Structure formats: C-alpha cells, structure tokens
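This document opens with one chain alone, in structure tokens, the form predicted on its own.
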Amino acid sequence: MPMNAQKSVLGTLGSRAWITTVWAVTIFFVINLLALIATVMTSSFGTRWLGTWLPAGWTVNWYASAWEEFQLGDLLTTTFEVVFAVVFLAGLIGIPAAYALARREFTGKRIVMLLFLLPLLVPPVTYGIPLATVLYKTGLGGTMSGVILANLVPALPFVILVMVPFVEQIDPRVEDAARVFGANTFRLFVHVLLPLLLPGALAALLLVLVRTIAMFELTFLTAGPDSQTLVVALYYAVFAAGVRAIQSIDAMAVVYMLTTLVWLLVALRFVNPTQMVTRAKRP
C-alpha cells in the first residue's frame, strides 16, 4: 500500500477513534447527570428509601414540609427581588456603556475591555472576599443592597461584552440619518437604537437573570438573614446542625432546580446561541 494511502487510513481511523471517545465521554457524563437529578427527585417524593431501587412509598408531603420549614415563599420573593434588580441595573448601565465602547475609540480601550473581562474570568471567591469586606465596612454587608451590588459586579461586564457586537453591527449611517431628520440623543436612542438592540439586550438580560439565580459565592459572602437567596438557603439547609429529613432538603433542591430550569428555558426560547455568534462575526 502506498505511503500516502497508509497515512490517509491511519488519519481516518484516528479521527473516528477521537469522535467515538468524545461521544462516549459525553454520553457517560449525561447519563451520570440525569441519574443524579433522578435520584434527588425520587427522594423528594419517597416516604422511605433504604437499600432498595425505589422508595417504599410515594408522597408530596415533603414539599409542603419544605415550604413551611425553609420558608420557601420568602426565599423565592427575595431571590426574584435580587435577580430583577440586578437585571434592571445591568441593563440600565450596561447597554449605554456598550454603545459608548462600540462607537468611541480612545487610548487604553483594549485595557478597559480587559478589565471588564476580569470578573468573568476570575473565580468569584477571588474578588468576592475583599468585596464582601468592603461592603461590611460600609454597612451594606448582609443587606439586600449589598447582595445586589455584589451580583452586579459580574453581571454588568457580561451585558457589556454581549452587547458590544450588537452595537457594532448597526450601521452608523442610520444614526446620522436620524440626526439629519432632527432626532436628539434621547429620541435617537429610544426610537432608533433601542428597537435594533432589543434582541441583543433581551439575550444578555435573560442570561444575566439565569446566572444571578445560580450565583452562590458572591451571594453567600454578602447575604444576611433577610437577604438570602434560594441557593444560599439550600446550602445552609444541607450543612446546618441538627437532624433534618433528607427528603425535605431534596424537595427544596427540586424547587431550586425547577426555578432555574424554567428561566433557562425562557432564555433559550428568546436566545439563539448560533445567532449570537453570527451577529458577533458580522462586519
């Protein structure tokens, strides 16, 4: 067999082996993930589960017990207050900032963009501890405002970095034409730019919403008794002293999982990752 043909055969076999390995690892990961989720959900509905494949009986009483014991109504209210406040402030500040960064050239622009990337690249605990120290020294630690400010640190750069490509794809001549017809800056932004930026803004803010619901580290470091979100309360429920029914904690975990899943599905309904990449690459 010629040398080129041998190399081609070996290359094909190597490619197939690599693809098979990737698929095998992916399937193994998905199966384990689904098994973990199924275990927690089964436990939350089981009456007694010891040494058998399935619980001895089924009940929904653990959800009522978790709702009363962990005050899930108050936790969900606090969670959504924090989340919607972070989303509102991130959009209010991040969209105009993204527009300024996309339209203006200035010295040190790349350094500024790098600084915006840092809260997304660095683990939250790295800057969360000094941030929490500052918040507690200023009296904001343990308050709702402190939790919102802490979660705004990674949320704002995320909005800016997502929105900059959406702003860059808008032809500046559209803005020039609007100014020619007498539009001031406010009317230009509200009536011209905002409708064009709406898909990108919706994508960024929905992803920020899902990210903030799941943000544990920063919320854990800055939350107080009256400003805990659901994910922090779940952590305390697992590691708190005393004897608690594992089924009740699992029911709380299922409520948290479903809350995040619902908003993630809403985000995916309006956000197409492929479309975002295409928009970002468009000149």
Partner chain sequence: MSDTARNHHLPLKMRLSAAGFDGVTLLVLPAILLLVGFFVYPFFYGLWLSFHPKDGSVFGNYKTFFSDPFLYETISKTLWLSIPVTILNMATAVPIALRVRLMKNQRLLTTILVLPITLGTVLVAEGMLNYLGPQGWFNRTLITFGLISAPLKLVHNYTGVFLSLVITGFPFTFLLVLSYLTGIDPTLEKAAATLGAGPISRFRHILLPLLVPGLAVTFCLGFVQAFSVFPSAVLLGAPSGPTRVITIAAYEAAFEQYDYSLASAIAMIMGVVLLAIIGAVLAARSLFYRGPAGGGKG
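Here the rigid core means the biggest group of C-alpha atoms that line up within 1.5 Å when the two forms are laid on top of each other. This structure is a prediction, so every number in the text was calculated from the model and none was measured. Numbering follows the first chain given and starts at 1.
Another form, the form predicted together with the partner chain, is not on view; read the next lines as being about it.
- Contact check for residue 194: every heavy atom lies farther than 4.5 Å from the partner chain in the predicted bound form.
- Within 4.5 Å of any heavy atom of the partner chain in the predicted bound form lies no heavy atom of residue 66.
- At a distance threshold of 4.5 angstroms between non-hydrogen atoms, residue 208 is out of contact with the partner chain in the predicted bound form.
- Under a 4.5 angstroms non-hydrogen atom cutoff, the partner chain in the predicted bound form has residue 133 among its neighbouring residues.
- Contact with the partner chain in the predicted bound form, judged as any non-hydrogen atom within 4.5 angstroms, is confined among 72-80, 136-144, 166-174, 194-202 to 136-144.
- Along 120-154, a non-hydrogen atom within 4.5 Å of the partner chain in the predicted bound form is carried by 121, 122, 123, 125, 126, 127, 129, 130, 131, 132, 133, 134, 135, 136, 137, 149, 152, 153, in order along the sequence.
- After superposing the rigid core, the Cα of residue 185 is displaced by 2 Å or more between the shown form and the other one.
- Comparing the forms between the shown form and the other one, the C-alpha position of residue 261 differs by less than 2 angstroms, with the core used for superposition.
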